[in-house]
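Coming up is one lone chain in structure tokens, specifically the form predicted on its own.
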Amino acid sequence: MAHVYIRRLAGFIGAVLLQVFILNHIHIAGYATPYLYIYFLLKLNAGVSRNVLMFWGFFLGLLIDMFSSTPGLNAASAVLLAFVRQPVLRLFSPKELDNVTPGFGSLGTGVFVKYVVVAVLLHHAVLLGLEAFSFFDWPGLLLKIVLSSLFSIICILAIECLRR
């Protein structure tokens, strides 16, 4: 049991360090930035309670915010992702998810891809919408959401393929 918590903590620390020191500095064409730290939340066991998931999401987002000078934006969007993760997962998965760790092997490729796409789009729409805090530049905001989501989805799926 202790090894599960050690692996979660290592994944948590790794996600924060990767996001803060590398990925936050990648801006393709000024629009696409990968937010890979949410992979940690997406991969937690489906049996984890919503409250525990929201706790992990809050502290993950808070640490990203502290190092990124984004007051509460990542925390808010990560908590929202943690809140809706289970319903999004159940929306696409036809089987019982009590002790399943979401991935290609456990859910199947199609279900996992749909789950990741919806979760990432939702997270990025909230994060980038809060960051812009304005709807005057709809095309720019939508382009940023779509490109960042696409970049993040590709990275998440590539990591999942490597972990197979």
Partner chain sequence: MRNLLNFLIKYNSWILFLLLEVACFMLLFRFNNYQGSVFFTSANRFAGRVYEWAGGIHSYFYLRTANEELLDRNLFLERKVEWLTEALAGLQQDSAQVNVRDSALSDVRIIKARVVNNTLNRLDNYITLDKGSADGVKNDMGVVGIEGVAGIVYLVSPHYSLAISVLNRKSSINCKVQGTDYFGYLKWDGGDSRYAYVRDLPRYAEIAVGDTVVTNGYSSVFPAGIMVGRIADISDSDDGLSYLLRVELATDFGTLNDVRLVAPQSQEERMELERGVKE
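Numbering follows the first chain given and starts at 1. These numbers were taken from a predicted model, which means no experiment stands behind them.
Another form exists, predicted together with its partner chain; not displayed. Remarks below refer to it.
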| item | value |
| --- | --- |
| is_contact(Val113, its partner chain) in the predicted complex, heavy atom dist at most 4.5 Å | no |
| Its partner chain contact at Arg50 in the predicted complex, heavy atom, 4.5 Å | yes |
| Proximity of Asn99 to its partner chain in the predicted complex, heavy atoms at 4.5 Å | no |
| Non-hydrogen atom contact His27 with its partner chain in the predicted complex at 4.5 angstroms | yes |
| Heavy atom contact within 4.5 Å of its partner chain in the predicted complex, the stretch among 27-35, 100-108, 113-121, 40-48 | 27-35 |
| Heavy atom contacts to its partner chain in the predicted complex at 4.5 Å, residues of 56-75 in sequence order | Phe58, Leu62, Asp65, Met66, Phe67, Ser68, Ser69, Thr70, Pro71, Gly72, Leu73, Ala75 |
